[in-house]
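Take a look at this single chain in structure tokens; it is the form predicted alone.
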Amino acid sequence: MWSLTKFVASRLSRSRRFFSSVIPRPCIIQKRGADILHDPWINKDTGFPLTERNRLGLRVLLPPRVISFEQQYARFMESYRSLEKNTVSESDTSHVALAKWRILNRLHDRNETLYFRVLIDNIKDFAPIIYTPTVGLVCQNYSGLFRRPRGMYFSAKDKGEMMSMIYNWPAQMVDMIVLTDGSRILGLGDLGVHGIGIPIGKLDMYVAAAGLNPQRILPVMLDVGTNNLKLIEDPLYLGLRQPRLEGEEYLSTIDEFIEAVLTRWPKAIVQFEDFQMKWAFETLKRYRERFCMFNDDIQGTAGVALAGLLGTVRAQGRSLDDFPNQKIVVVGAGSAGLGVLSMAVQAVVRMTGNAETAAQKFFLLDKDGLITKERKNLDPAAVPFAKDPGLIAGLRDGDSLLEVVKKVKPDVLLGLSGVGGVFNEEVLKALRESGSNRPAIFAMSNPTMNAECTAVEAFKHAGENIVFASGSPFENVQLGNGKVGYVNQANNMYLFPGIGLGALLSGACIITDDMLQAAAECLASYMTDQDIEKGILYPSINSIRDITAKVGASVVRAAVAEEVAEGYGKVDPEELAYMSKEETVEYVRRNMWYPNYSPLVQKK
């Protein structure tokens, strides 16, 4: 215990030096006594000093000894490391992951300040637990794991009442809302009300990475029913037991919720998350010009993928100007795959100025194979990417992935299919023979079981000289002779916190394509040439706050340039416009919340 305490104290000391300018402001509260202990936003557990215990009616409600923040931190980490040690030999990895999630969730439910400090200081270890990939397991088992509500649950039964219901949320101000209807949770499909785990996990990352104040975030589940019969028949299921709303009935429900939110919090940013493809594109088109919103599956995934694709060009020893010449095969024509294609094509247009030929080097496949202009009943969103069959000799509609790789000889194989193992041995070996200087494989589907291939499979069958990225975390691969096959986690966590924070701090009225492009290009430029040469496309998650500050600043500058910035707090658009690049980054850093116990002052 002593050594762990010493280690934790050194970590806290370093973080205090970094955040030495942050002095916790008093928190005005209306609660007293046991009500304070039951509120995780303000609870300090045994950390309440005697002065606060006296004036807030906490004497005798707590053990007499005051435990310092450092001691509380060390005690939790001791418990967590003990759990790790006791489960190291267990073969059921899902059981171990859920056990780790439970211990973190109990802290989250009790003391948010301590929870977020633990999360920030140990982000590399804890992000896979509170976010990808464990959050998928949590959603699948949500009814059994449910202990206390977090966020708001609107349902189809609440139509006509949402405008008044929105005022049931206790926080006076909300900066960020993450909204899902549970219709396409990761690659797991329709999980109905269980999907609330995704907004909760995303907002935890917003706090940890972007420094949003946890008292000003709101996870929302919009339960419009489920078409998952297993859930409807499950006696523990907590959602509506009815088929999903469709058509205008569905859209009018979303409209009512949005109107209610913007009436109470007109400056709140809304992130749409894990909507099935038809509604993901429809809602993005419906709302993006009306208020500050974005769809992370379409736009966040696209930005992270574009950053990786730009990094791949550098890793292949080519200049960024050569990006339009890369041949890229995209497997998966859902919201994520089409979002990646759209942003990548926009990047090509910006580089070449030629919109007519911008999509020429991209090849899109769905479950029926290669999509060409011969395809009938094609989804309108996929039409711009349908190929002319005569473009490459022998290329035909419906060609399998293996046939496309052999004929196209791509530089990049990018998977957002949600189909585990679709990049099989034959496909990977064909990519190896493509003739590319350094082929890249992006197996981006989540959770881990849905990854198109593993890192080990990629380096084994496609060759040691590849660049590899995945959506879920994999360990680096030891290749022999002291060489390492580096694994990049092409995860949205590198971008969505910066997009949301930049939009917030600029006071953007909408989130534009140029703001998203700026975020992706900032992430792409973050890596040094030395890292890129090794095949490292994305930075360590340990740097996530620094990454987010720079991405957020790039979004602020883009919002100002496009004249959609309306200012934030006492900072007006004109002041933002006169900030240098470095001053904008510092402005973003200053507005990032960091967890410290604040003095509590009771308002009578």
Ligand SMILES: O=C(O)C[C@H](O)C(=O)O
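Only a predicted model underlies this, so the values are computations on that prediction, with no experimental measurement involved. Throughout, we count residues from 1 along the sequence that is shown.
There is also a form predicted together with the named molecule; it is not shown, and the following applies to it.
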property	result
Residue stretch of 430 to 438, 104 to 112, 389 to 397, 266 to 274 approaching the named molecule in the predicted complex, non-hydrogen atom distance within 4.5 Å	266 to 274
The named molecule: the contacting residue among Thr283, Asn488, Ser342, Asn446 in the predicted complex [heavy atom, 4.5 Å]	Asn446
Proximity to the named molecule in the predicted complex, single hit among Met162, Ile328, Leu186, Ala347 (heavy atom within 4.5 Å)	Leu186
4.5 Å heavy atom contact, Thr454 and the named molecule in the predicted complex	no
Exercise: Asp297 in contact with the named molecule in the predicted complex, heavy atom 4.5 Å	yes
In the predicted complex, Asn492 touching the named molecule (heavy atom, 4.5 Å)	yes
The named molecule contact in the predicted complex: His194, any heavy atom under 4.5 Å	no
Residues of stretch 97 to 131 in contact with the named molecule in the predicted complex (4.5 Å, non-hydrogen atom)	Tyr131
